[in-house]
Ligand SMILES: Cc1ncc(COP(=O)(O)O)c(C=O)c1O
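Coming up is one lone chain in structure tokens, specifically the form predicted alone.
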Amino acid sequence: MITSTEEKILLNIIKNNQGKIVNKDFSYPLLENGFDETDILRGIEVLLSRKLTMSQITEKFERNFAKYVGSKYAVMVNSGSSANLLSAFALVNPKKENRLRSGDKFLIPAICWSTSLWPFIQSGLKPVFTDVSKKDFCIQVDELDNKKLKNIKLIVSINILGNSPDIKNLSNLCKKKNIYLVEDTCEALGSKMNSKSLGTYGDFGTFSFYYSHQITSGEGGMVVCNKKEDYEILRTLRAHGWDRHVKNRKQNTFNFVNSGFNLRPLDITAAIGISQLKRLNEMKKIRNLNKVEIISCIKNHPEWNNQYEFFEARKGLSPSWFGFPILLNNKYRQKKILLMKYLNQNKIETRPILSGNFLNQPSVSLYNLKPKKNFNNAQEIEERGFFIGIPTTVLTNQKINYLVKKLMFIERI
């Protein structure tokens, strides 16, 4: 551990260096300066210890994270994509009771991320796509009738940009029909439905700590679960299939009790994660405030004429927003590409809603996965939707006014 004097010296160095790297030009990135001085200091401490690989700091972060979201167990990995990979292969693992089998079908919304889909296919499961709601961009739970759920063994639900489907009813439905539920919560850490954290309604919940997410350690991810059996499978699969972290292991031997990967994180990313997790609730409040202020400024602009529709939290949800999603009014749909170009030229960073309608992606055709039916809501969201960032620091009136002025330029495109 560094002394208090050394800490003061390092903090001064970090602050001085921060002043050199900050972009002086006016911009609106997805996330501006995701790390504070304490985050960097915690990382430096690990570097100075020369013990960078996964160890006690990672275990501490896992315990803190599990406590924060309200799960029994948490397993840290090197990315949110790896978290989905571990969940998929845990579900098909021979050590799991009532495991899924090759060829079993899983349901996934058409608005998804690449690695929300592919790990489950790579584990031998067969995807069945379904449309999403235009209100929350998530899976439409009220349309999951017996016909749609026929032969479905798993549902992968994605909590998009901090929002949620009707997760309580989805969880109850899965329990009733003996369907596994994985909550991809990579974009919704900190969101709670009826005081229960998203990511804890299913058999597995996955999270990401990529740079622009609710907390960041640069890279990193987490899987949570409540069954000890699942926890031990996850830990074994994470590191080569080795029994190093399993009770009653054979001491001082390389004893491989399962298949596995190398998805281990570093203690340096865990140290930064611990630091960021302490600030998550405050950053959540600030993001919520910024979202409200942006919408208010847009709607009070003299040129406001319902050019945009805004993403609202599902009833009962305390949201932790990842981004600020916007749908263009239908009559402006053809202007979307020009608007994106204009915003980015003016240093307002934009992104699609995840990957858009994933069925339009080339990889879907490559693997012959495209269903015969169209998903109209997913397609409409792709054609009308985009998102911008929501900072974790309070936006100034100057920055809000700049953003709104550029958004209102759609009338002149």
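Residue numbers here begin at 1 and follow the sequence given. If you're wondering where the values come from, they're calculated on a predicted model, not measured in any experiment.
The same protein also exists as the form predicted together with this ligand; that form is not shown, yet it is the one meant from here on.
- With this ligand left out of view, the stretch that reaches within 4.5 Å of it through heavy atoms in the predicted bound form is, among 268-276, 237-245, 172-180, 206-214, 206-214.
- At a distance threshold of 4.5 angstroms between non-hydrogen atoms, Y73 is out of contact with this ligand in the predicted bound form.
- Looking at W113, you'd find a heavy atom of it within 4.5 angstroms of this ligand in the predicted bound form.
- Looking at I158, you'd find a heavy atom of it within 4.5 angstroms of this ligand in the predicted bound form.
- For the chain shown alone, G220 is a contact residue for this ligand in the predicted bound form, at least one non-hydrogen atom being within 4.5 angstroms.
- Contact annotation: of the candidates Q307, Q140, S79, N93, the single residue with a non-hydrogen atom within 4.5 angstroms of this ligand in the predicted bound form is S79.
- Among M54, I348, L354, L359, the residue placing a heavy atom within 4.5 Å of this ligand in the predicted bound form is L354.
- Residues of 184-202 that come within 4.5 Å of this ligand in the predicted bound form, judged by any heavy atom, are D184, C186, E187 in sequence order.
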